[in-house]
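Just one chain follows, in the form predicted on its own, and it is written as structure tokens.
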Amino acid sequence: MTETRQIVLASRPEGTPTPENFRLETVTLAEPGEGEMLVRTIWLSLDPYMRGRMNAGKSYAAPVEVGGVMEAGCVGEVIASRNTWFASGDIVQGPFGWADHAISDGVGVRKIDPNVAPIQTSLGVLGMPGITAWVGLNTIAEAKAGETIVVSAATGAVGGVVGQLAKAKGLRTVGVAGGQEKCTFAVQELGYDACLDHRATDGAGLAAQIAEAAPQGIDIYFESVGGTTLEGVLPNLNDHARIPLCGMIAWYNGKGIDTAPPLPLIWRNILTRRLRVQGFIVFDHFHRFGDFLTEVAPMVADGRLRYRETVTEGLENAPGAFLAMLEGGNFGKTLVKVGPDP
């Protein structure tokens, strides 16, 4: 029997989530049954999609039930196993949730080789955010050398990878980020040709800045934000531009919806410029994970692909880190260090 702490959804948020929407509990886990294993969480990933899982509405995945453990991808160590595919001591990545320990049947779990890269990268640049960037750029946007791409949330866990992969393919890369520190990092460390601060202007001002940074217009807009960034991009899109729609974090908490670009304006741009807008959920593309790792893992290993992390210590501090991330308070991949790394 293993005593563990877990964070559950205490109530569904109305608008912006608050700490009161979460509850820390201590429970006792039974011993692993046949085909199961006990995993000790080391790293916990915090991602924008989790905000949608807190709502009851229909989506591409079932919501977290009130009283249920918050969902998350994690890296952990197998403590005890009755699953033939995993042994005690294995380092694994899987959907273990916001908890110190979890019982898993091995579905959706993969072994991690600690010799390839730091194990937490399997939650970031070599995990779900990384393959999201890779699929969005190559499969959805069909990026080609010589084109211009604008990347929203340019230094985030997804956007930072998009910009670097696009630059490596020979595209002109323009990032949009929140704050001058992030913009400086995007240019000096991630190699963007330019990066614009959406917090320093309004939609019209950002549109003028994008026009200057992308004089040939925009061929690809990697959309993770919505809000002011979308306002600035719309007037600068070329005919037949592509928009891989990955997220819209600016509107997740209901803020800014009243001042968002009206649907007729967006629809008119899609029609008259013959845009291709495609929403995508990365889980539909996980069969490409091997191809993704083959291309990207060597780039991480030799330093061609850089990444940054915002790390919070302690499971009990996960709600605060999550709320800060939704407001743009993170820099790069958002992680919680739950337990010691062996």
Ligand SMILES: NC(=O)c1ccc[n+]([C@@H]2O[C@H](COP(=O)([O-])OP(=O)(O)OC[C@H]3O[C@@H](n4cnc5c(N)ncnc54)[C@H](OP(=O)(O)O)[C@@H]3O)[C@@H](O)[C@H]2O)c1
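Not measured: the values here are computed from a predicted model. From 1 onward, residues are counted along the sequence shown.
What follows is about the form predicted in complex with the ligand, which we do not show.
S.K.: Which residue, 299, 277, 282, 29, has a heavy atom that falls within 4.5 Å of the ligand in the predicted complex?
M.R.: So the residue touching the ligand in the predicted complex, by this definition, is 282.
S.K.: Pick from 249, 102, 214, 165: which residue has any heavy atom within 4.5 angstroms of the ligand in the predicted complex?
M.R.: Of the listed residues, the single hit is 249.
S.K.: Heavy atoms within 4.5 Å of the ligand in the predicted complex: which stretch in 110-118, 241-249, 73-81, 185-193 meets that?
M.R.: Checking each option against the 4.5 Å cut-off leaves 241-249.
S.K.: Flag this candidate site as yes only if 122, 126 and 305 all have a heavy atom within 4.5 Å of the ligand in the predicted complex; otherwise mark no.
M.R.: None of them does, since no heavy atom lies within 4.5 Å of the partner.
S.K.: Using 4.5 Å between non-hydrogen atoms, is residue 332 touching the ligand in the predicted complex?
M.R.: So residue 332 counts as contacting the ligand.
S.K.: Is the gap between residue 173 and the ligand in the predicted complex 4.5 Å or less for some heavy atom pair?
M.R.: Heavy-atom contact with the ligand at 4.5 Å: absent for residue 173.
S.K.: Within a 4.5 Å heavy atom cut-off, is residue 156 in contact with the ligand in the predicted complex?
M.R.: Yes, residue 156 is a contact residue.
S.K.: Contact with the ligand in the predicted complex for residue 9, defined as at least one heavy atom pair within 4.5 Å: yes or no?
M.R.: Taking the distances in the predicted complex, the answer for residue 9 is no, it never comes within 4.5 Å of the ligand.
S.K.: Does anything in 171-199 come within 4.5 Å of the ligand in the predicted complex by heavy atoms, and if so which residues, in order?
M.R.: Sequence-ordered list: 177, 178, 182, 198, 199.
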